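The chain below stands alone and is given as structure tokens, in the form predicted on its own.
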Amino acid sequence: MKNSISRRDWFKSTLALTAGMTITPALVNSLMAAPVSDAERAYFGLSKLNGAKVRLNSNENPYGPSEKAKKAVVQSLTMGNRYAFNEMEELKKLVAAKEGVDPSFILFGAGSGELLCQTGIAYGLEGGRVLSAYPTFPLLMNYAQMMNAAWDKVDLNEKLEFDYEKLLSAINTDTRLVFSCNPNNPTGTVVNIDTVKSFSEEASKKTLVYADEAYIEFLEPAQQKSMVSLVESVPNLIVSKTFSKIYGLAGLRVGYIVAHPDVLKKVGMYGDTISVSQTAIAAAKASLGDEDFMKMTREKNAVARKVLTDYLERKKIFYSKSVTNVLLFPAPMDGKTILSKLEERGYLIRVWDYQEKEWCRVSIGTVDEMKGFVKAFDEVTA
């Protein structure tokens, strides 16, 4: 693979992929937003997922979008025939003011996932290696691998938290990028902001740091300390945020990254000029700063999460001390059976492979959904 690629070449290769290549299981696995475990490969096929299910497999907000967002979407439909250039600039100014940076430091995408892919392409094309703790959200690293970069992984610590000291020591001269996710997906665990800040400052002296903060709004407002505060003084840093989680806009697809303009230019080469729709922009503008809706989501999520953690404690099952809407725990029996039997009862979760064991990753739904899930899970694993 050559070390540089033009935007035109990238789109040609994308067209070749969609028009002329067979979509193999290996290709599907590499493009999935989360790693496909052996248990999932053995059980799940697209044809199996028929009928209504309780989706505890996608870390979605079961309470959103907010009423403000819904109203804004309806009103925006009258502009559905217009490209959203002006609306995007308005949203960019609002987000820049919220983050305390110049608008030139903001790049939007159709969800933060698009921007993770673009960053993986931009830095994966340089060859070398990308680095992260594991397990974490792997999309950026997957795309870097497709561009011929290697992926180095550092295990989480015994609390299922990012081990930033080990991560820092794992950076070498071939490391093109190091990925940080705080709070982390799939564990929901959070590391002290001073530790993450110190890591980001030191690591950025050696390579680019990508800080994924998709779940930061699940923390109480006083605890939402973002790495954005470092961006202006640390050119080798990208901070990623999304409207998919606390704001409940996963299906509308809008996210952004904060970084120096030259970094954004490099990442932006591999994306569309404007991939965010009028409806998504309208919903994001209406949602931004909706403290009442975020507070409601945090409070209901905490109560629903406790239904699951109380059950795990009664069963003496170790689990990640999540502060978000997802947590991880060891599968008490084989993952294939868990997935199959839960689906029969109407529940979808994920199974991840880590340290030669299977782990259940469960998203937090409503209180009623979690009560139903706990009952189903107990029957399946009895």
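Small disclaimer: the values here were computed from a predicted structure and weren't measured. Start at 1 with the first residue shown and count on from there.
There is also a form predicted together with a small molecule; it is not shown, and the following applies to it.
Of the candidate stretches 79-87, 177-185, 194-202, 147-155, only 177-185 has residues whose heavy atoms lie within 4.5 Å of the small molecule in the predicted bound form. Mapping the unseen interface onto this chain, T119 falls outside it, with no heavy atom inside 4.5 Å of the small molecule in the predicted bound form.
Contact check for F293: every heavy atom lies farther than 4.5 Å from the small molecule in the predicted bound form. Using a 4.5 angstroms threshold between heavy atoms, R253 counts as touching the small molecule in the predicted bound form. Put simply, P103 is far from the small molecule in the predicted bound form: not one heavy atom of it is within 4.5 Å.
Checking S132, T207, S244, T297 against the small molecule in the predicted bound form, a heavy atom within 4.5 Å turns up for just one residue: S244.
Scanning F137, Y164, F108, Y143 against the small molecule in the predicted bound form with a 4.5 Å heavy atom cut-off leaves one residue, F137.
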